[in-house]
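Form predicted alone, single chain, as structure tokens, below.
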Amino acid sequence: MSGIGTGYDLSATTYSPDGKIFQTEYAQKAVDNSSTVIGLRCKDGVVLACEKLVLSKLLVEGSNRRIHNVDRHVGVAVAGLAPDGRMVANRAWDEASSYKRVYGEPIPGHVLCERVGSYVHMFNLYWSLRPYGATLLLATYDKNGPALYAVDPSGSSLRYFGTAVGKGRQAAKNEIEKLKLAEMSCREAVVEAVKILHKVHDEDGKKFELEVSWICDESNKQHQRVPAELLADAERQAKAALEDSDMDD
């Protein structure tokens, strides 16, 4: 009975007999069922890319952003419930602002990741709160160089060379593992990220748009959206690669 959560999923403070916290697992499920988000750490920076389904023809392009600025040297991409992710991103902004005010310098990436992870974990400790249904990928570029981190609904904070979260995460991870990220520039990684998102998109017939940002030497070590012409060129290459693949099949 404990395996399906009966009686043990009413609070994030209750363990099941086999050591599970079902509320946290349900929050992770919200992330796993969301649109795919990937992060790639390259030799000169980090690229974040999100797939966003167009839910209505009336929706203005670019609405419901999933990539946010936290500081000049930090950006985040959200998978899962967008409003939950926005709240965590706002907390990250507060932490970065507070650190700079107290210490007079930008917050290091690993410090920000640990602070955000601790904040998210707090929502797994009290019966009156629910865990955030969002995972954040943090792209940073500090004095130690570029770095990519992930904070999941449990509050776990990990550092990656490349990762993917969301519905197409496993297929995306398989593609990321084939890349030589240590030898790849961010400009090249943008193209590869767009190709991966087009390849793993499994909502046949449903329109989607891409949101891509980077923080690298080319962007002067500041987090910003990739140039429109680069994104358009990457989409052209991704669609051409898909067509070639279909012809081979």
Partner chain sequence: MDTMTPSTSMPVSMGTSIIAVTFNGGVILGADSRTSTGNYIANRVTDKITPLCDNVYTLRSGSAADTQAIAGYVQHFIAQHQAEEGDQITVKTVANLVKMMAYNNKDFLQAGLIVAGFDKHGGGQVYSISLGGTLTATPFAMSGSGSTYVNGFCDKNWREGMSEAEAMDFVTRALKYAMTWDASSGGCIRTVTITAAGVKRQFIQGGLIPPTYGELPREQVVA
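Numbering follows the first chain given and starts at 1. In this text, all values refer to a predicted model and were calculated from it rather than measured experimentally.
Form predicted together with its partner chain: not shown, discussed below.
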| property | result |
| --- | --- |
| Arg115, His121, His73, Lys167 - the one with a heavy atom within 4.5 Å of its partner chain in the model of the complex | Arg115 |
| Position in contact with its partner chain when the complex is considered in the model of the complex, options Gly133, Pro108, Gly155, Pro146, heavy atoms within 4.5 Å | Pro108 |
| 4.5 Å heavy atom contact, Tyr126 and its partner chain in the model of the complex | no |
| Contact of Lys178 with its partner chain in the model of the complex (heavy atom, 4.5 Å) | no |
| Stretch in contact, per heavy atom within 4.5 angstroms of its partner chain in the model of the complex, of 81-89, 157-165, 170-178, 137-145 | 137-145 |
| Partner contacts for 53-78, taking its partner chain in the model of the complex and a 4.5 Å heavy atom cut-off | none |
